[in-house]
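You are given C-alpha cells for the same protein chain in two forms, set apart as structure 1 and structure 2.
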Structure 1
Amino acid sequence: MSAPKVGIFGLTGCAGDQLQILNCEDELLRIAERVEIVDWVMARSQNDSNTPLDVAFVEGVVATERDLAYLKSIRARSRTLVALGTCAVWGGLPAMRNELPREVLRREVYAGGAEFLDTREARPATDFVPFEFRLPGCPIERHEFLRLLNAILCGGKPEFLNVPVCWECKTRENLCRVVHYKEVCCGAMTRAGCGARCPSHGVPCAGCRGPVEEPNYDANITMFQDRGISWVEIARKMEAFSAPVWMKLGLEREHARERARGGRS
C-alpha cells in the first residue's frame, strides 16, 4: 500500500507555520516514513503540482485573486484539507485592518506604481472553501500538529483542549494578569493549547490563538469592568489576530454598548 500523499502550501502570510513543521527535527524522519510529501515549495526543489493529495495543509490568508485561485485548486485536488495557523483559521494579522480601503493601502505602502497587485480584502482561507480540520496558532504548536497528523493518518479525529488559556494559566499557578496586575489580558477569551506561554513569562495574553468556543461574554465583561478594564480594550486586542470572526460574532454591538456606558476607547 502506498504512503498517503501530502502537500503543504502557503497563501499570503509569514510562512511561520510551515517553519514550525520543519522545526519538528526529532519527528521529521518518522513523518517521512509514513507519508509522501509531493508538494511543498518551502522544503522541496522538485514539486508535483498535479497529483491528487490525501492530505493538504494550507497556511495564510486570501489577500489576492491569485491566493483565491490557488486555494480552490488545492481544495479540488485534496481529500482532506487542513487550515494551518491563525491566519488561515481566523484571519490573523493581515486581516486586522480591513476597514481601510485597498486603494489607501496601496498608496501608503507603495506610493504609486502598484497596478500589478490583484489585492482584495484579506480574509481567512476558511471563508472560501470547506476544511476538514482547523489548527490555530501564531505559529502553530508542534505537538498539536503532530497529534493532528497522527489522527488523520489513523482515520480518527484529534482531541484538543476546548478551554481558555486561563485554564492553562491556573494549572501553572501563575498570578492572574487581570486580577493581580489589572492588565488587558485575553486569556479568558482565547483558546488554550499554548501552555499559557506569554502569561508564564509575565506578558498578558494577546489572543493569538483566536477565540475559545462559546466564551462566557457577559461574565468576562463583568470581570474586566470590575478591574477598571474596558471591554473595548479587550475586543481591540483580540481583533489583532481574529478580526473577521469577531465581526461575524456581532461583537461590534458590544463595542457600541461599551461606548454608550462611557467605557474608555
Structure 2
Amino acid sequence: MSAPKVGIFGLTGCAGDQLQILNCEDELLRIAERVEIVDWVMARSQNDSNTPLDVAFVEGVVATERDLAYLKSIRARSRTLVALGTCAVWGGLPAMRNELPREVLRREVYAGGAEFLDTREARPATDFVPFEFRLPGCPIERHEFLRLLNAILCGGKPEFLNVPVCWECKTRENLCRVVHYKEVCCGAMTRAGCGARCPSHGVPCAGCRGPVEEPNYDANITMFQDRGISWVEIARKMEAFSAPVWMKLGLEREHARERARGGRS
C-alpha cells in the first residue's frame, strides 16, 4: 500500500494554523515517513495540484470567489477533509448556528435580523462544503492536530470533547476570572481543548476556539451584568468569537440608545 497522500491548503486567513503544523518539527519528520505530502504551497515549491488526496486540511475563510472555487476543487479531490482553525470552522458567524438568546432575539426580530447575512462576506469554509472533521483553535492546538492525524491514518475517529473551557480551567485550579476578578470571561461559552491557556496566564478567555454547542448566552450576560460590567464592555468581549452577530446588533442598539439619551456614544 502506498503512503496516504496529504494536502494542506489555506484560503483567506493568517496561515497561523499552517505555521502550527510547521512547528510540529519533530513529529513532522515522523509523519513525513508515513504520508506523502503532495500539495502544501506554504512549505514547498513543487506541488502537485491534481492528484486525489487521502486527507486534506483547509484553513481560513471563504472571502472571494476564487477561495470558493479553490475549496470546491479541494473537496472534489479529497477523501477526508479537515477544517483547520476557528476561521475555517466558525468564520465570522458562529452565533448563527447556536441557540440565540431568546430575549435578545425577541428584541431584535424587528431590527432587520436578516441583513447581516449579506453585509458580511467572509464565511467559514464549513458553510460551503461538507467536512469530515473540524478542528477549531486560533491557532489550532498542535496536540489536537497530531491526535487527529494519527487517528485518521489508522482509520479511527478521535473524540473531541464538547465541553467548555471551564472544565480545563478548574482542573488547573486557576482563580476564576469571573468569581475573583469580576471580568468578562468567555470560558463557559467556549469549547475546551486549549488547556484553559488564557485563564492559566491570568487573563480571561477570549473565546478564540469558538462556542460550545448551546452556550447559555443569556445567563452569561446576566452574570456579567450582575457583577457591574456594562453591556458595551460585555459585548466588546463576546463579539470577537463567542457571539459576534447578535452582540454586534446589541451593541448598535445600545449605542443608539445612548445617543438618544444624549450620552457618550
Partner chain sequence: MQTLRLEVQRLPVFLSALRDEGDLFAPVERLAPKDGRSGVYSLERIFDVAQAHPEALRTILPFKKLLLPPRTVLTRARDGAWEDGDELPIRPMIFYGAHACDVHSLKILDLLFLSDFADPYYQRRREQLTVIGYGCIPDDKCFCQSLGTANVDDGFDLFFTPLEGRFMVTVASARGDDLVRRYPVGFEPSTRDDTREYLDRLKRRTEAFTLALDAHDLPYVLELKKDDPVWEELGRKCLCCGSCSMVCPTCTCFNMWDEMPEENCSERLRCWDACLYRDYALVAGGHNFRARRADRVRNRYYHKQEAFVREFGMPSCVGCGRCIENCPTGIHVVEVFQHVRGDA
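For clarity, a rigid core is taken as the largest C-alpha set superposing within 1.5 Å between two forms. Here, a residue number simply tells you its place in the sequence of structure 1, counted from 1. Not measured: the values here are computed from a predicted model.
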item	value
Label of the structure corresponding to the form predicted on its own	1
Core-aligned C-alpha movement of A196 between the two structures, 2 Å or more	no
C-alpha of C208 off by 2 Å or more between the two structures on rigid core	no
Is_shifted A219 between the two structures (CA, 2 Å cut-off, rigid core)	yes
